[in-house]
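In structure tokens, one chain follows: the form predicted on its own.
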């Protein structure tokens, strides 16, 4: 199988122009791969050619100096070839095995974390947080740093029953992958937005503001030349604040995070799964979020101790039952766990049998 020649006059260049020569040569003709260690692996082609991968964690939001440093190491050891994974890991792609040891030594000397391959946690995919996003309910970089400091061994050396994908989303719009990750944090607003009626008419287009609401909770108020919000329909998503800043959604005393579990993208063994609610609310506690970190570590440790080999978090929960999940983790079951969405019938147990 050969790569076709493609040329476009818009958009980014075609990816084939950036493939390492060994991948171009063996495109579509790889025989197998083998995990060598927690952060290294090798792909073997039918021709016998080998491609070695060294995976390194990154904080996702990188400084220019860090990017330059990573690129310099790629030039030195992997002929300038590297890639970023979908979960913000950096992978150096080497065709020369003799360069692996010097690369690993330099990464260690510069205090980069090598790991995330095989039955371990991967790097956390996350959204922008307070650094860049104007509607965030929590921070991303702070939570990610705190969580990964605690779970660092699960990235580098300690193994799990299967790979575990972590994610953080800073509001329910979920720019991150929290809806399909094994353990994830989704930040939430808990109060209806406060409207500055005097400013709404001066700064906002009323029709645009009304149409921004996914639940039709916003209606125009011609008398005040502003809007009204039906509190029963409001889902606290903050879309209205995005298009109309005088509708203030932020509340430092009420904003916080929820933790969801059991999602996955892969279809191996079982179908892909959406994440489901485990902990409805934990308050923001910057800069280290100790309760959030403890809750995630607790779930991960219980999963590691009780799941069978190859089981993902969601598969383990479905095998033992949600009752036992709450019992084993010590997480209290509350009314927020009861799904009362309009179309929730598809998610309900339809038999009289309870699984304990």
Partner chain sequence: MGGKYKTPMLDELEKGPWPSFVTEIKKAAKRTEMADDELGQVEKSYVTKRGYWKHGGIVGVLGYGGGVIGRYSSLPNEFPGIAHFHTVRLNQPSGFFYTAEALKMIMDIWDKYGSGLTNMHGSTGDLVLLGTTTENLEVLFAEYSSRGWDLGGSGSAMRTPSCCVGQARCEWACIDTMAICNEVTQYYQDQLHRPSFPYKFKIKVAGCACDCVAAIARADLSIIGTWKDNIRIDQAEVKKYADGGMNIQAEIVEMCPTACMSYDGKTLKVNDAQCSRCMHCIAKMTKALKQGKVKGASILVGSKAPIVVGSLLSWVVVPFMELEAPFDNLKDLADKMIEWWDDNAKPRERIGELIEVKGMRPFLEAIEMPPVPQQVKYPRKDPFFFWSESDFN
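Here the rigid core means the biggest group of C-alpha atoms that line up within 1.5 Å when the two forms are laid on top of each other. Positions refer to the first chain, counted from 1. Only a predicted model underlies this, so the values are computations on that prediction, with no experimental measurement involved.
Keep in mind that the form predicted together with its partner chain is missing from the display, and what follows is about it.
Trainee: Looking at 173, 224, 230, 95, which has any heavy atom no more than 4.5 Å from its partner chain in the predicted complex?
Mentor: Selected option: 173.
Trainee: Mark residue 248 yes when one of its heavy atoms lies within 4.5 Å of a heavy atom of its partner chain in the predicted complex, and no otherwise.
Mentor: Residue-level check for residue 248: yes, a contact with its partner chain.
Trainee: With the cut-off set at 4.5 Å between non-hydrogen atoms, does residue 292 touch its partner chain in the predicted complex?
Mentor: No - in the predicted complex, heavy atoms of residue 292 and its partner chain never come within 4.5 Å of each other.
Trainee: Flag residue 337 as yes or no: does it have a non-hydrogen atom within 4.5 angstroms of any non-hydrogen atom of its partner chain in the predicted complex?
Mentor: It does not: once its partner chain is placed as it appears in the predicted complex, residue 337 has no heavy atom within 4.5 Å of it.
Trainee: Does residue 298 reach its partner chain in the predicted complex, with heavy atoms at most 4.5 Å apart?
Mentor: Heavy-atom contact with its partner chain at 4.5 Å: absent for residue 298.
Trainee: Can you tell me which bits of 122-160 touch its partner chain in the predicted complex, meaning any heavy atom within 4.5 Å?
Mentor: In sequence order, 123, 126, 128, 130, 131, 132, 133, 134, 139, 141, 142, 144, 145, 146, 148, 149, 152, 155 come within 4.5 Å of the partner.
Trainee: Superposing on the rigid core, does the Cα of residue 242 end up 2 Å or more away between the shown form and the other one?
Mentor: Residue 242: C-alpha displaced by 2 Å or more between the shown form and the other one.
Trainee: With a threshold of 2 Å on the C-alpha, tell me if residue 205 counts as moved between the shown form and the other one once the core is superposed.
Mentor: The answer is yes; the displacement is at least 2 Å.
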